[in-house]
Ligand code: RIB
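Quick setup: one chain, the form predicted on its own, written in structure tokens, and binding and motion questions come after.
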């Protein structure tokens, strides 16, 4: 049996306040909702780490939590998922990060993040995490940009391929300073924010990719296009990979799960097309359930889903 891909996930971890509502109120408006709310584990880095672990990767998580009840609960949660948490550390001054998530009846979500301890992650902490000898670095932008730069720099120095989920957008992020990247994956809104081009059709997809490719040292760009699937660009050719037809209940963590699955399958197969097809299935399963962690599928669930949805 081939060894499990060993993925170092450097990123954010939050406690999520999730409110399921008919719609979000307008400015100055108060709504009495018949929906529900809950406090659940989340954060883009944590979502990706848990998603990869459930799919079968050997995951090491590097993150920062507050020395509070939520921080201790989150670390225990990751350990229960089989994640190596030796690089999840506690900050004595900042509280654990919080994300306020409003999920509307059509599955669309609006999120406000309070970083807290996430912004106390240091370059030294990340450098120490690389002593785990990972096969890949999986990172996103919900941490300070200096940590993003230094993480990619360390990965490049160690010859470790870098996979970037390009969200959320960091103001003044210099794409040309990111270093060598294996796969760079923005969603629709992130692609528009980075390029000023809305991803509406094949022509716009290629224009976005050409713009990003001119500013990045990257092998592949993979645009996440929601219910339209994804689009791969390798510097020469573009290819659309269609999605699966499912009923979207909650899109929270879908992009995080997609990029984690993309990384995992790419490391196993070496094929970006195979990885995108697999990631589309993981994304489809994730939007089919409510919540972040509760919606992340296991590999068996993914394989069953693919088998049952073959054309």
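These numbers were taken from a predicted model, which means no experiment stands behind them. Numbering follows the first chain given and starts at 1.
The form predicted together with ligand RIB is left out here; the points below concern that form.
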- Item | Candidate stretches 218 to 226, 197 to 205, 93 to 101, 75 to 83 - the one whose heavy atoms come within 4.5 Å of ligand RIB in the predicted complex | 93 to 101
- One residue of 241, 125, 113, 147 in contact with ligand RIB, assessed in the predicted complex (non-hydrogen atom, 4.5 angstroms): 113
- Query: Pick from 51, 279, 65, 253: which residue has any heavy atom within 4.5 angstroms of ligand RIB in the predicted complex?
  - Reply: 253
- Task: Indicate whether residue 292 is a 4.5 Å heavy atom neighbour of ligand RIB in the predicted complex.
- Result: yes
- Task: With heavy atoms only and a cut-off of 4.5 Å, decide whether residue 47 touches ligand RIB in the predicted complex.
- Result: yes
- Message: residue 43 versus ligand RIB, in the predicted complex: is there a non-hydrogen atom within 4.5 Å?
- Response: yes
- Item | Members of 271 to 288 lying within 4.5 angstroms of ligand RIB, judged by heavy atom, in the predicted complex | none
